[in-house]
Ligand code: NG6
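This document starts with one chain, in the form predicted alone, laid out as structure tokens.
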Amino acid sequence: MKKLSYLISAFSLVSCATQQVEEKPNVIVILADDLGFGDVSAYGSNTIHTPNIDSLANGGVCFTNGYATSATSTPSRYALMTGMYPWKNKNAKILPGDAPLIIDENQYTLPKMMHGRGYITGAIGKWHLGMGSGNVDWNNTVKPGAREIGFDYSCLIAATNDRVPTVYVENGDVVGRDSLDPIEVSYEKNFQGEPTAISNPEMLKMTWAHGHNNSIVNGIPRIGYMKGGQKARWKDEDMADYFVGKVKNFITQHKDSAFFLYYGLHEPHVPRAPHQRFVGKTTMGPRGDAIMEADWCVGELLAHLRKEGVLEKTLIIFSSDNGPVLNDGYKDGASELVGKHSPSGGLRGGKYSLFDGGTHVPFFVYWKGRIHPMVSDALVCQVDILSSLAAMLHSDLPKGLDSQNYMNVFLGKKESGRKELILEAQGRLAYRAKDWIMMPPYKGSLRNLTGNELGNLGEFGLFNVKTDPAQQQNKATQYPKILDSLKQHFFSSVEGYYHGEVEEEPLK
């Protein structure tokens, strides 16, 4: 009997070990839009309170050196989905709402990898990677799109909430489309008789500051022109609830299967039009209130995972597509009402910027009961999510990806992350190696219309972001050997890029 008992126990241990190795947690990637390093209270801000987002940071691994690859939306999302640096794809730049899909249908992607390991895959929320193959007909099924790059289900906005078409696209079809009121979209000229912010300012409930003076939808002027589709047009104030509902439905429908969900929050991107429940929740106007709405979205997701009994079975990665911006095209008081709040958390620059604030973003990895809560200084990047999840799931990857496996770092088992990282801001590149950031000299304006610094120094910049996170001290002349070493590594890594691919080539 003792021998039999021993064998049963041994068999149980082997079974548990096998089960542990083969366990496939659900995976959710939450990507906020224009949320800065200082916009969540988990990093110490006392001017804003984000309890639900903080619960991910405080209950998991809170990275102090987490990065998007890029300082704008489309490129950073491209890197997340493909595991490739976006500057290698000349089409990976801020897209209009009618742009074709910039990920090749035959390209290896994160959702394809997850699908290949038996996951049901879903994409809900902001997309901004293009749809269709050009000259999109929004009155028929739009493809290629999310399905063609690996998602079983999708419910998306094509680009940003300040661009037309202002409609939801579910599995390639515009929700609520009407054949009697066909949708037309143009980024070149207006449709005859259609009101714009210029011709009909009396229709506006939100005033434009720069670049947002074309078609009016829901009293808000947009980028681009749109005609028709009146029944299909979204109401901005209801967008958070709409997508939260889709997220809950997806989780409930697939709670008994392994699922992968990409959840693209639209907050706090402009136009900031949070639901009435959140208006006035902060002293910072619509931008602060939109962050409160984003925090609510995260709370609703966590509560629903708990309700369905799958919270402990779900690995959650939270981050932002790029750094923050205040005045991004609308007069919503963001700049005037920011007060003592620092959206970038003291980092220099923000969205559009080659300075650290453009790409250094919130980054948390949470798995209830499986990750020991900790703060990590490891250098990590969204481009590595693909390879890291592939390693966890024992999935083979094609050669040539820029994505690297740091799953043990994401899970808090190791504290040593990337040694180097190439960062991008609208075609301009910089190089981070350990605690140093090297910025090549670029010509051009010091700031754009948003007021954010762009990082065009006109000379080589060398900053130690551990001792000088605000990048106020250029050490290029003080440490010439370090600068020369970083320049050598950087220019060899990007060889061939500066040959007509960007408007202004940096000096070597």
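The shown structure was predicted, so the numbers you read here are calculated from the model rather than taken from an experiment. Just count from 1 along the sequence shown to find any residue number.
The same protein has a further form, the form predicted in complex with the ligand, not shown here; the description that follows concerns it.
When contacts are defined as a non-hydrogen atom within 4.5 Å, all of H269, N322 and Y352 contact the ligand in the predicted bound form. Interface membership of A378, defined by any non-hydrogen atom within 4.5 Å of the ligand in the predicted bound form, is ruled out.
In the predicted bound form, the ligand lies within 4.5 Å of some heavy atom of G211. Using a 4.5 angstroms limit between non-hydrogen atoms, I251 is distant from the ligand in the predicted bound form.
Within 4.5 Å of any heavy atom of the ligand in the predicted bound form lies no heavy atom of D356.
Screening 291-299, 414-422, 96-104, 160-168 for residues having heavy atoms within 4.5 Å of the ligand in the predicted bound form returns a single hit, 160-168. Contact with the ligand in the predicted bound form, judged by any heavy atom within 4.5 Å, is made by just one of R348, H128, R432, R428: H128. For the options S154, S73, Q382, S344, the one in contact with the ligand in the predicted bound form, meaning a heavy atom within 4.5 Å, is S73. Along 24-55, a non-hydrogen atom within 4.5 Å of the ligand in the predicted bound form is carried by D33, D34, in order along the sequence.
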